[in-house]
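In the block that follows, a single chain appears as structure tokens, in the form predicted alone.
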């Protein structure tokens, strides 16, 4: 039995980047042997085991065979006779198909080190085209390593185009797709993820609402959407702001469709939907009326969820930066309005005998007065 580090841990060490997670592969062993050593199985049908003391995951070397559509349409074969080279061959990219033994020796049967040096994202074998999830994974790696000069090998991009045209992308589950999308959004250059999807034809399949911006008369909105996302990444904004920044210029129907298609988490859904609805009020130069401003604040529920309104203003600021504007001139004013509305006390109204609907209307009037008393924009 031999145990090797594989995949990302080897790749990132060679790139002199921090290694976050270590994947281990076990060659020459059976499931029964690992169980006898105290390893615990992760699942009944998958050859991955938990180390008895470290809690790390160890996978038996395996091969896989395509049997159906989508990411899950594979049958795995794990046994002591599967070689390390066979296990590495099933991986997506050459830079992820390297192993390291306990002496630090690199096992690199598919040219991963050379592709690291030459900055290529290249598939390992033709079986790459059997897994539609790899379109998203390669686009995500392009977003992660764009600053290092990595680009996708032409032959790999052709396979990604074939996958996009095959109908296989539609077989991906919303949960698995969102996992890759959300990770891509948090990469250093997330706009590259969507540029790659556009280049290989996957954007029209997975994000037709965004893809339509390229074909519309207002095609500049597509580049503006990606530029807004880029600014959110530069400012190291959280996932909620990045998702809202990407979708800020879409119509409400398109935002709702994307949220539903990928079963996006509720906090991301709500911010994107509200931001799309109210971004015009925030981005236009003139100030809304006190009544409209109060409606905006009420929609975001700034009294119980102030952070959501702050993230909305931030997303709008990213849009202004994307258009080469120095700042959102209304940003500070909007934050001041939210603070003024939140500062209106409820207790004096209760003490005065207001209850129920009358209390709500009295509170609304006090908040409206607070907004009317603000300094003009």
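Note that this is a predicted model, so its numbers are computed, not measured. Positions refer to the first chain, counted from 1.
Although it is not shown, the form predicted in complex with a small molecule is what the next lines describe.
Point to revise | Options 89-97, 248-256, 111-119, 281-289; stretch whose heavy atom lies within 4.5 Å of the small molecule in the model of the complex | key: Only one stretch qualifies here: 89-97.
**Study point:** Selected contact from 262, 207, 141, 194, since only one has a non-hydrogen atom within 4.5 angstroms of the small molecule in the model of the complex
**Key:** If I apply the 4.5 Å criterion carefully, the residue I get is 141.
Point to revise | 4.5 angstroms heavy atom contact with the small molecule in the model of the complex for residue 198 | key: No - in the model of the complex, heavy atoms of residue 198 and the small molecule never come within 4.5 Å of each other.
Review point. For residue 16, is any heavy atom within 4.5 Å of the small molecule in the model of the complex, or not?
Key: No, residue 16 sits far enough from the small molecule in the model of the complex that none of its heavy atoms falls within 4.5 Å.
Exercise for review: Examine residue 367 and determine whether its closest non-hydrogen atom to the small molecule in the model of the complex is within 4.5 angstroms.
Suggested key: Residue 367: no, not in contact with the small molecule in the model of the complex.
Check your understanding: Could you tell me if residue 12 has a non-hydrogen atom within 4.5 Å of the small molecule in the model of the complex?
Key -> Result yes; residue 12 sits at the interface with the small molecule in the model of the complex.
Review point. In the model of the complex, do 23, 131 and 137 all reach within 4.5 Å of the small molecule through at least one heavy atom apiece?
Key: Result yes, every residue of the spot touches the small molecule.
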